[in-house]
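Shown below, as structure tokens, is a lone chain in the form predicted alone; questions about how it binds or moves come after it.
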Amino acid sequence: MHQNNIEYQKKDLPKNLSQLGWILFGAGLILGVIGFFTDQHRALLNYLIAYMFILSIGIGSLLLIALEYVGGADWSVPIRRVVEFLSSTIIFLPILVLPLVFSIHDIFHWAHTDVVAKDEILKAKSSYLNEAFFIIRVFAVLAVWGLFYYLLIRNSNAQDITKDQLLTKKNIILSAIFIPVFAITITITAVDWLMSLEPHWFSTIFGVYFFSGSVIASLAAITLFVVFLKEKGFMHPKLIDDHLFSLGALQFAFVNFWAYIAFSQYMLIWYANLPEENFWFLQRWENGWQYLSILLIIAHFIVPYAALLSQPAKMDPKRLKFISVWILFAHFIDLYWLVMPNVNGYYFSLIDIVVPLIAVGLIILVFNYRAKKSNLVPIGDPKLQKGLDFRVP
């Protein structure tokens, strides 16, 4: 009887969730279009930030699914569908990326042949940084992600019906293959869309930096939805605060990991003090950008670190909701910090705060749509009961 209730509830998520998604998406889209006609270049860069935000949530969630299978985790099984729903944004990325693909010439100055001809550094990198190869890489990466998403989610949904434990073994194999593929493809994505905005600069751990930010943002989004649905009675009734502890602990771990990678990247460049490397950080420490740099340290590390330090904090629903929203906000600041200092003659614009509404609204709408198509709990997974019985030692 309870199983049927779960299946029924998948079609009756809170209406205000969908309404919120449409309001945010609609408002962001309208204001974004207006912004495009008033300041096209700025609007495109803000759309790039929104795209990378959506991408990071989707691919970060898919990685967490793969890690569950490979690691044999039990505690996360009851909430895995929430992770799967958030990873569904991956299937929309080939459409969302089109405005950026058609605007490569407007976004990247390495795409200007006249500029490349006069620049020896860009000329040396032209075999990699050219429009044709760039577009091939973009859609090849999205195709690979889409394939793994389709196979993993198909097996997970099929297990609800068949209860076939072999599907779990298939997903373990797929996940083991996906993890190294993920490491390569997310690095390519970070380098192409973010690091090449300033093609004279490079960092060998930039892909790891983006990876760490993507995972913590995904964990924040997952935690926010899990707590919200749990409070509204849409999750399994045996899901208790002990399950939230692991989400809080993972957030705390990746807050520290992001800070470690960010500091390592900065320290190595600062210590070497090479002009071809340090100018990128100097750009972010002058003309007012130093205030955003300090805010990023506070918002992305100090506040979440302090908020999640104690064990009770990691399983407090109210605190987890607050800090999850905070981390998502910090992730936007991080992406903004990566993109906007590359703009010559930067000035603040209202466009900078309206385009993110599209990203948040779209994620909510995709989640709501997918939740109506699948069970909120993977009822066919053989580890479900063990996951429900999980308790913090």
Partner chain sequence: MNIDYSQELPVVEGGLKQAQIEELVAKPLDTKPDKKFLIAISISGSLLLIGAICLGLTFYYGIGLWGNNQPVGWGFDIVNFVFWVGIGHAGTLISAILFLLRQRWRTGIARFAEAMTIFAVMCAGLFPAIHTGRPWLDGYLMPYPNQHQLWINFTSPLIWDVFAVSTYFIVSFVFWFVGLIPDFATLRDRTTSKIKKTIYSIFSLGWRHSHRNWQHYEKAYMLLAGFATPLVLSVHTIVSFDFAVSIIPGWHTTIFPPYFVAGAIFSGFAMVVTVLIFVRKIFNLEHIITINHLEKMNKVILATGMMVGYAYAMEFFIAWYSGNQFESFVFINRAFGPYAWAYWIMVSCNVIFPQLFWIKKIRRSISIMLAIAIFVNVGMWFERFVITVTSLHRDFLPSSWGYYVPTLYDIGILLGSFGLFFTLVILFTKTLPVVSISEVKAVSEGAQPSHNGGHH
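Positions refer to the first chain, counted from 1. Every value quoted in this text rests on a predicted model; they were computed, and no experiment measured them.
One more form of this protein, predicted in complex with the partner chain, exists but is not displayed; see below.
Checking I294, A183, A140, V303 against the partner chain in the model of the complex, a heavy atom within 4.5 Å turns up for just one residue: A183.
When the partner chain is considered in the model of the complex, only one residue from T113, T162, Q283, S264 comes within 4.5 Å through any heavy atom, namely S264. Partner contacts here mean any heavy atom within 4.5 Å of the partner chain in the model of the complex, and among 271-279, 317-325, 91-99, 224-232 they occur only in 271-279. Heavy atoms of every residue among L166, K169 and I172 are located within 4.5 Å of the partner chain in the model of the complex. The partner chain in the model of the complex is not approached by D119, whose heavy atoms all lie more than 4.5 angstroms from it. At least one heavy atom of T204 is located within 4.5 Å of the partner chain in the model of the complex. The partner chain in the model of the complex comes within 4.5 Å of no heavy atom belonging to H109. Using a 4.5 Å cutoff between non-hydrogen atoms, L147 does not count as a contact of the partner chain in the model of the complex. For the partner-free chain shown, I121, A124, K125, S127, Y128, L129 of 113-136 come within 4.5 angstroms of the partner chain in the model of the complex, judged by any non-hydrogen atom.
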